[in-house]
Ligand SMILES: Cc1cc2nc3c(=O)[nH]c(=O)nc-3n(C[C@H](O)[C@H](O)[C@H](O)COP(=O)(O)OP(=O)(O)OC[C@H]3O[C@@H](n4cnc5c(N)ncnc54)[C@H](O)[C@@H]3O)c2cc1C
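Here's a solo chain for you in structure tokens, the form predicted on its own.
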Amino acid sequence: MKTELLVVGGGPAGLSGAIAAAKSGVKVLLIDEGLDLGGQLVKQTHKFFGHQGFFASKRGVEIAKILKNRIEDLKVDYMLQTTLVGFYEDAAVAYSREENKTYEIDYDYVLLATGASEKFLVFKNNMLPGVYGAGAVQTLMNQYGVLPGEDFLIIGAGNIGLIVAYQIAQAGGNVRAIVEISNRAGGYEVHANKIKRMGIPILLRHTIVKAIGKDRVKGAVIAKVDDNFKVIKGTEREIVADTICLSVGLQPSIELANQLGVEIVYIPELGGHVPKRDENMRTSKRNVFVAGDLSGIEEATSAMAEGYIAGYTIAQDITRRDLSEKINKYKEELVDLRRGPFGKKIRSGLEKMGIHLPSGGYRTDLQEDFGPSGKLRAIMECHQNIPCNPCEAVCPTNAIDMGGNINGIPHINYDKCVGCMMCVMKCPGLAIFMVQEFDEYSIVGIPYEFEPLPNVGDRVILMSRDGEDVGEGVIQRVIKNRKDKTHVVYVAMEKGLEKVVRHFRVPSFEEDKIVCRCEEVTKKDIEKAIAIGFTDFEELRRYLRIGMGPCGGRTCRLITMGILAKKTGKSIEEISSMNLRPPSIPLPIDSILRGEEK
């Protein structure tokens, strides 16, 4: 096979590079080992950040389809289920799994967009079935419709860990906790906030010590860490889970780059070993280019921009046409995307390659005016400088502005805001809410991406930003967004709660069941306590006061043990150790005093 440009990898970077080169008249052959084009996009069901030029507010699966359609419109040749197994002196060799056949490919230029692989983590019993990488869980859920467990423990609170936790919850899984060794979540604050308001704990300064189980995962031991990330003895506790999902970072897949003889450098800020390249994505070999996570771990928006830069630069070499205007356009896009605090790491890494990018120039102050009480209006809780502006782009009255840079904190002009909700439906971070106060009650419009949708009139449990139950409300209105599935659900509530309520849950029949009638402890209360580590009956009893009422546990003791046994995978015999202390019934203090009388 003969081609002018060989593109290895059909993710956002490779597809963008192929599009740019093909549009400029270059013959392109693209090879990808997946079942369809799109790379990681085909399993990304969340909305993307960035701006409209890079599909902001579209879901990854939709972006994959758009890019694939462009490839096909340009008549680009591509081979799926095909792996580039090696570069030799006279040709590249690809293996087709579908045909069980190898191909030799003669090329003039090559664009490597091979992406990255997941890092692993060393802990005891990490080889047990039930330990997955986050990407594997996403693939099973979002491509094949398989939820690999019921109770999940996520290790790592970067963007991937936070996104996967949210998607597990959407799929009906139960996320017990997210464990993060650092003192803050590394992902976007809006992603973390989505998790917190659902009641999923993010345990900072914690790590996993070991997986529990014999034939498969039954739980995990986690512990606190000190300033040097060493386990603090005595802080270990167990969490019940049947699936441990590792999201501890990515490392560039440099194998093919190394075979081609390009210079490889170690830059931790870019993910580890990466090919050395210039600002046009050209490596130390003149006809070898890189783009996407191979060149440094970053977001898909940057990967697409790098792909376009590489594709147009290659086309400029081959066709001898001046494509500098298009190349510079995407370079400027990257400069803007990387100006903010989340670009600091990549800027620092690129400096080690001699590529210097500016920073700053964006608004950092938070808006203090939340509009006139009584008016239906949008309230934005996007308090971090991330590169994203679909809210500004979609607002029909130009009420929202970012302060002149995509990394700026958004502000709302409430004289212009008409309460149309378009920004709520577009926000990738689900960080915009509708609020209105009335004389006797208030309403909050909450972005909602779960099924089934509640019905008007349903009573729901109101939840705060931290996932705490703060009261009850009634569904007043449901606005269905059939196009991209971010619905807006209006909930009526006691006046004053509109300042704290940011999520709700529909109480199930099961969770409303009272187990301990004396202390009004529900099945849900018990399950929640078990999830955070109270797996011993005596600890559970002291924590929730189960059995400490007038009946002395006669009604609830065995039911509680049954729930505990089911959740921990132990038999009731194993957890039956208990201390039944006197008095066997509550005694009036007065009776004890009278007992002293002679």
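The model shown is predicted, which means the values in this text are computed figures rather than measured ones. Note that residue numbering begins at 1 and tracks the sequence as displayed.
The following text describes the form predicted together with the named molecule, which does not appear among the structures shown.
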> When the named molecule is placed as it is in the predicted complex, which of 560-568, 541-549, 33-41, 527-535 ends up with heavy atoms within 4.5 Å of it?
Replying inline: 33-41
> Hey, in the predicted complex, is F48 touching the named molecule, heavy atoms inside 4.5 Å?
Replying inline: yes
> C245: heavy atom within 4.5 Å of the named molecule in the predicted complex?
Replying inline: no
> Looking at the partner-bound form in the predicted complex, is A211 within 4.5 Å of the named molecule by any heavy atom?
Replying inline: no
> At the 4.5 Å heavy atom threshold, is V240 in contact with the named molecule in the predicted complex?
Replying inline: no
> Pick from T313, N389, Q138, N193: which residue has any heavy atom within 4.5 angstroms of the named molecule in the predicted complex?
Replying inline: Q138
>> Quick check on this chain: which one of G343, G408, G115, G429 has a heavy atom within 4.5 Å of the named molecule in the predicted complex?
In response: G115
> Going by heavy atoms, what in 1-23 lies within 4.5 angstroms of the named molecule in the predicted complex?
Replying inline: V8, G9, G10, G11, P12, A13, G14
